[in-house]
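Presented as structure tokens, the chain that follows is alone, the form predicted alone.
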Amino acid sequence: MTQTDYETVIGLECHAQLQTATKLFCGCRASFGAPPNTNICPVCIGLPGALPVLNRRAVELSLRAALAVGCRVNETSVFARKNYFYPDLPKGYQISQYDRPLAEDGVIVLELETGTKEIRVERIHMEEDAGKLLHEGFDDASSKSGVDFNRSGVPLIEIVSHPDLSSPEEATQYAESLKEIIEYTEASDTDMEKGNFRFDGNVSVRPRGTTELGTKVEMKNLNSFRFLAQALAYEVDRQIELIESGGRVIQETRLYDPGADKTVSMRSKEEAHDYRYFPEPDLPPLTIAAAQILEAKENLPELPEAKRERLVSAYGLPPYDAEVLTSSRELANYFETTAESSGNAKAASNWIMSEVLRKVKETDATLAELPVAPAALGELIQLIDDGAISGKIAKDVFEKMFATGDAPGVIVKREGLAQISDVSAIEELARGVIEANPDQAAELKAGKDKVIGWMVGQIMKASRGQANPQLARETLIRLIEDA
């Protein structure tokens, strides 16, 4: 058998950190980047006698995320203790949800080349995060490890898909779509660099055409789409090669090593009974009234797919532009503000997709950190549309806006960059170009239009890019014809 004789089966478990000020069961700050072990208290480090109190805001955000992916919210859900030992789990168990989760039966729709495909969301449950292990100096005798409990108790939702994904590419697209939706709800900022959105992947292969699932292997703690795709692709190849060589896939947890581009065994895969789940005795069942669920559903923000459709219908954008501009909520808002302030949605789209996103990539900054605000970019587009500056000059102005933070009108006035639209001034420039280039002028006179672009370029060069290009072209043709 060859690789094409096998089918890939993938399910994803995605963890999103909720945007709460405090942790899930205590009043400690849930902020990122604090000095190690400063955002801790008896509850989140598991001291005897400390009792958890559920964070209401975490429930509200979890509810919003569940509704956004079309889940059925259970009016009663139950917290459970998931028992296992790990150095960064101070209580010896994690408070999670097991057989009675917050929500179930959602769906994410993927747009594939072959058409649409629905990926079922099995469940969404709430849980607390563990701490973080820190390792130093493993190349010498001074090696040491430490644990930072700041993250212990931070609120998470885990979104578990059914094994409906058939390739690493589908899994990556599903994760990207899910990230977009969760970010739009503002339940989580989904900042992957901070670990606020990460994935575990369950992978198996089976002979094509069969229905029985193969032995699954779990890929843990993937925090980028690129690593997700690479890890899954490697694991699929590894399992097929193992089976083809007469080996047997064992159920285990593996980690992805990006440097070596391979997966390595971490531990044998636990089953649910290994965790000895039982209801959390210190927390009552979570009850959410039907009225609260309805209110949360009615107050959902506009989600990515709806926003894409609106950008196409309301602003007349091509679907490709709408797809790019809605890739994040922040980018979509930046576009809409620019489009409204400029009155030219397509120009706003073009500038953002080319110049603004180029600056984001070059500087590794967020849109909020850019010195060019959307209203200022709208003003720049207005200056072009009003004929005050040329498109070429506008790019120079944009660079100066980025460097100084000044408004475009201020820069144009200060540096004398206004477009030359005075007919007599353009005529003077055109006559100079004709006199300096008699051969090209003769070709144009003889009807060889290909040279006109070059001659207009000479006018633009002589005017330092400030001549109105359309007026320059018209003036040049008129002078040649009258000669």
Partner chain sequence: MADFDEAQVRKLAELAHVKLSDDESAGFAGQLDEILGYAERIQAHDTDGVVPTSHALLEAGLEGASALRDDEPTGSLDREQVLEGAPDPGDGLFKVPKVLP
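These numbers were taken from a predicted model, which means no experiment stands behind them. Positions refer to the first chain, counted from 1.
Not pictured, yet referred to below: the form predicted together with the partner chain.
In the model of the complex, every residue of the candidate spot (29, 87 and 134) has a heavy atom lying within 4.5 Å of the partner chain. For the residues 316, 387, 281, 343, the 4.5 Å heavy atom test against the partner chain in the model of the complex is passed only by 281. For the candidate set 56, 431, 450, 445, a heavy atom within 4.5 Å of the partner chain in the model of the complex is found for exactly one residue, namely 56. Just one listed stretch, out of 284 to 292, 394 to 402, 332 to 340, 177 to 185, contacts the partner chain in the model of the complex at the 4.5 Å heavy atom level, and that stretch is 284 to 292.
Among heavy atoms of residue 20, some come within 4.5 Å of the partner chain in the model of the complex. Proximity of residue 208 to the partner chain in the model of the complex: non-hydrogen atoms within 4.5 Å are absent; the residue sits far from the partner. Among residues of the shown chain, residue 416 is not one whose heavy atoms approach the partner chain to within 4.5 Å in the model of the complex. When the partner chain is considered in the model of the complex, residue 38 lines it closely, a heavy atom lying within 4.5 Å.
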